[in-house]
Each structure stands twice: as structure tokens, then as C-alpha cells.
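Here are two versions of the same chain, shown separately as C-alpha cells and labelled structure 1 and structure 2.
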Structure 1
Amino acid sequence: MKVSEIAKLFNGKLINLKEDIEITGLKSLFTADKGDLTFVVDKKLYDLAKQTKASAILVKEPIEDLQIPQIIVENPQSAFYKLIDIFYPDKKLKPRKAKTAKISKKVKIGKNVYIGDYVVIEDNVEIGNNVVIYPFSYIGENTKIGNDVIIYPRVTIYKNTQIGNRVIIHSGAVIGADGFGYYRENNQHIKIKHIGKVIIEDDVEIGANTTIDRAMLDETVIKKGTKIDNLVMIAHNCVIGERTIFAAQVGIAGSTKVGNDVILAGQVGVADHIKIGDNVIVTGKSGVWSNLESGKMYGSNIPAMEWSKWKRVLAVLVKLPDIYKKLKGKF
């Protein structure tokens, strides 16, 4: 695409264009070279942007003294992301069922499906259209998989799982293992059989080596549009709302309900049977032991409290040695 074509695509204004060259790559500000397009959003980087070797740049407003062609668009970042999809399309995998895939005869498979080598699919599984299943994935019996799903290598899906459309599951994820439940009798832990299931709704993405356990009787649910990073643990009977974000290594204990549009930053832990409202943000590494109200920001691991309060506590906390020194004479 030529610079002018990119500008046109996003209804952008084009300045500094001397020669309408062909853009051949998309790079970050500092790695871009001749032929590359880049973008800048952060005003602190405007000065550095003048050193970029890129042949054109996406910006929100004209940057003075920046001589390369500037494409002025409402949202340079999302325009750039959209261009990535255009410039670097995924290699189309030709539909196939690998001969080495062990697929039960009692399986329904849609159109344009790619099943890689060494996939095992058990009885009564249903798979929609345009699904890609990479090698070494295991699909347990009675599982239903929607359309346009990508299952990367080495994913385990235990029996009875329901997976919606456009779901992406990364390598090593384990969906539907037994919930962690026992009762004690005769001085032993007796396993509680888990006959529930996991439901993954549309447009969910699940990170590498993440685990989502099956419910005891009912359902562990991940609602539509929610994105889960790597090494996250979601325990039995949890219900996670829509468009919620769990960063890496988050852990949610059993039967906890999380609302819509929630963000849990990395390594946050939430106790069992907790309710988290909608639009809640919890900062990294926080420990949540009580219900959290919609629309608020929480932090800290002592346990999590409202962020504004925690900031005030923290401000005094770090002064404690000084305060104590002053106090000591006065007791």
C-alpha cells in the first residue's frame, strides 16, 4: 500500500508527502527503517519521533519539525493495529483431517476444519466450521465447539465442555479438569466427584498453560468477550462476566462471581464465594477477600481495599520508621 492509500483507508489527512512511496513494513518508532510505517501516541515521544527512520507515521495531530509524511487520524494506534492485520495476514491452513488424528466415528465436524497431526477427539464431540485444531490437543467426549475457533498445540479439553464461536485457546491450557473439592471422613480427604462442566462463550481468549476447572454440579462460565492471559487459575463454579480482563497468574477460588468489564492485573488472587461488581479494577498482586463494588478501583494485599484509601495508608506506612523515632521519646 502506498502512503496515500493508507491515509485514504482511515480518512486521514496527509501532510509532508513528497513522494508517495510503497509501505512494506510496520515497525515501532525505534526499529522502523526505510519503507516502514510507524505510529506515535505518547506526546513524550514526539521529540524522539523526529529520529525515526520510518518512511511515514500515523499521528493524531501534526508534529512540528517532523519531516516525514504524517497521516493524521483520530486513533493512530488502532489504525496501526488494523494495518497489521492487513499487512501480515495469517497463512491459510488448508482444511484437512490428518491421518494421524484419532477421531471417533461419533463426531460431527463442520466445513473448512483443520485437524492437525496427533489430535485425539473422543465420542460425541461436535465441531463447527472453520475450526483449527493444532497437534497434540485432546478433546474429551460430548464437547461442543463453535465456529472459527483456534485451538493451539497441546490443549486439553475434558469431557462435556462447551466452547462458543471465535474462541482462541493457547498451548498448554487445560479446560474442565476436576474442581478441587474433598470432604473429610475417617481422617481422610474423600474426593467429591465433579459432574458439572465448563462453558466458554463467544470471543473468549485463553492464555498458555491457564487452567479452568469444571463445576461440581453446575457450570463454570467464562462469558463472551473475556480475555484471559497465561497461567491463570479459575476454580470450579466461578462465573466470569463479559469483556473482563485477567492478566497473567491471576487466581480465582471456587464459586466466585466476577462482573462485566472488570480488570484484574497480574497475580491478583480472589478468595472463594466473592462477588466482584462491574467495571472494577484491581491492581497487580492484590488479595481480594471481600466483595468489591462496581465502578471502583481496589489495591493491596492486606487485603485489597479501595485504591484511594490504600494510597493514604501506604503514604503513612513508608514513614513509620520516622514516626516511630519521633514518638519514642513521648511515650
Structure 2
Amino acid sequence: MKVSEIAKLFNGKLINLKEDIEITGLKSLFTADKGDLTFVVDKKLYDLAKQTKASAILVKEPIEDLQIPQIIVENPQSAFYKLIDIFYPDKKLKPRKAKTAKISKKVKIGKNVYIGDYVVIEDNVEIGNNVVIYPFSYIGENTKIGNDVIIYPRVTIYKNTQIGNRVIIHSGAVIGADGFGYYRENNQHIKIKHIGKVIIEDDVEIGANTTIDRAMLDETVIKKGTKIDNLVMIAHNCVIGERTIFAAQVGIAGSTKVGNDVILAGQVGVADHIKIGDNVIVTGKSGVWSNLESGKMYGSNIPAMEWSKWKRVLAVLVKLPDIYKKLKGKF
């Protein structure tokens, strides 16, 4: 694609164009070479941008003394991400039902569906149009899958699960396993049978090896537009709001309700029966054990520090209750 064509695509202003170069790749400032397009948004990187070997660059405003073609657009980062889709399109798989797949006769399959090798699909499953199911995945009975869904290899979807449109589920994810529930009787832990379901709404993405448990009686719900990273655990009866983001290794205990547009950073742990309001941000490694009000940023993580210093801090921490008793009433 020519530089001028890229500028036109995003209604950008093109400066320093001496030759309408063919762009053949997209790279970062640090790795771009001849034929590549790159981008910059942070003014702190402008000096590095002047050293780039790229053939052209996306910028928000002109960079002085940078002689390569500059395409000036409102949001260079967003434009660059859109170009990735154009330059590196996903491979389109032709409709197929692999001979090695085991598909019940009681399955409804839409148009243009790809079903890979060794996929197992049980009774009364409904699959929409343009769905891709990669090899070795399992889909339990009474499951409904919408249109334009991608299910990567070795995904396990238990029975009675509902999946909306344009959902992406990455390898190793388990949707609809029993919740972690037991009652105690005769000095034994007795398993509680879970008969609820999982509902995944439209435009949700679920990362590799993430697990979402079915509800005991009702529904575990992941609402539309939510994005879940790898290695996340969502327990039974949880309701996760719209457009919410969970980074890797987040753990959500049972019956928790998370609002819309929430961000939980890596390794955040949330206790059971918690309510987290809309537009909340929780920083990495924080523990949430009480309800969080909407629109606030929370964090209880302890950043790494030099080990000998942390031992001194810890020695003081364990003495704080006694220090408090001595000081109480003196002020």
C-alpha cells in the first residue's frame, strides 16, 4: 500500500512526500526499516523518531527535522492498529466438518462453519453462522453459540452454556465447570451439585486457560464487550459488567458483582459476595474484601523493595499492635 493511500484512508495530512513509497510492513520505532511504517504518540520519543529507519511515520503533529513522509492524523496509535488488521489479515478457513470430529445428529449448524479435527459436539447444541471451532475442543449438550464466534484449540465448554456473537475463546479455557461448593456433614466435605449455567454475551474475549464456573442454581454472566486475559478465575454466580477488563491471574470468588467499565490489574483477588461499582480501577496484586464505590481507584499492593529493607519494615509491622496500645490515650 502506498504512503498516499494510507494517508487518504485515515483522512491524514501528508508532509515530506518526495516519493510515493510502497509500504510493505508495520514495525515499532526501534525495529522499523526500509519499506516499514511506524508511529509515535509520546513527545518523549520524538528524538528516537528522528533516528528511525522507517519509510514513513504516523504522527499527531509534525516533527521538526524528520525528513521521512509524515502522515498527520488525530490518533496515530488507533490508525496503526487498524492498519495491522489490513496488512496482516487472519487466515480465512473454508467451511468444513472434519471427518474425525464427533458431532451429534441433534446439532443445528449455521452457514460457513468450520469444525476442526477431533472436535466433540454433544446433543442439542446450536451453532450460528461463520463460527470457527479449532481441533480438540469439546462442546457440551444444550449449548448455544452465536454468529462469528472463534473457539481456539482445546477449549472445553460444559453443558447449558450460552455464548453470544463475535466471542473469542482462547486455547485451554474452561467454561461452565462446577463451582467450588461443598457443605460439611459427618465431618466430611460433601459436593454441592451445580445445575446453573454460564452466559457469555456479545463481543467478549476470554484468554487462554481462563476458567468461568457455572452457577449453582442461576447464572454466571459475563456481559457484552468485556475482555478477560489469560489465567483468570471467575467463580460461580458472578456477574461481570459490560466493557470490563481483567488482566492476567485475576481471581473472583463466588457471587461477586462487578460493574461496567471496571479495570482489575494483574493478580487482583476479590472475595466472595463483593460488589464493585462502575468505572473502578484496582491496581495489581491488590486484595478486595469489601464493596468498592463507583468511579474510584483502589490499591493495597506492596511494591517490591530491597530484601533487607523489607525485613526491617516487617519487623516493625508485627510490633504495631503493641506500639498502638502503648500510645493509645497519650494524644
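Each residue is numbered by where it sits in the sequence of structure 1, with counting from 1. Bear in mind that the values here come from a model prediction, so they are computed numbers and not experimental data. We call the rigid core the largest set of C-alpha positions that still match within 1.5 Å between the two forms.
In this pair, the copy labelled structure 2 belongs to the form predicted alone.
Annotation for Ile274: C-alpha shift under 2 angstroms between structures 1 and 2, rigid core superposed. Once both forms are fitted on their rigid core, the CA atom of Asp322 lies 2 Å or more apart between structures 1 and 2. Domain motion between structures 1 and 2: the smaller of two rigid parts turns 119° against the larger, based on C-alpha superpositions.
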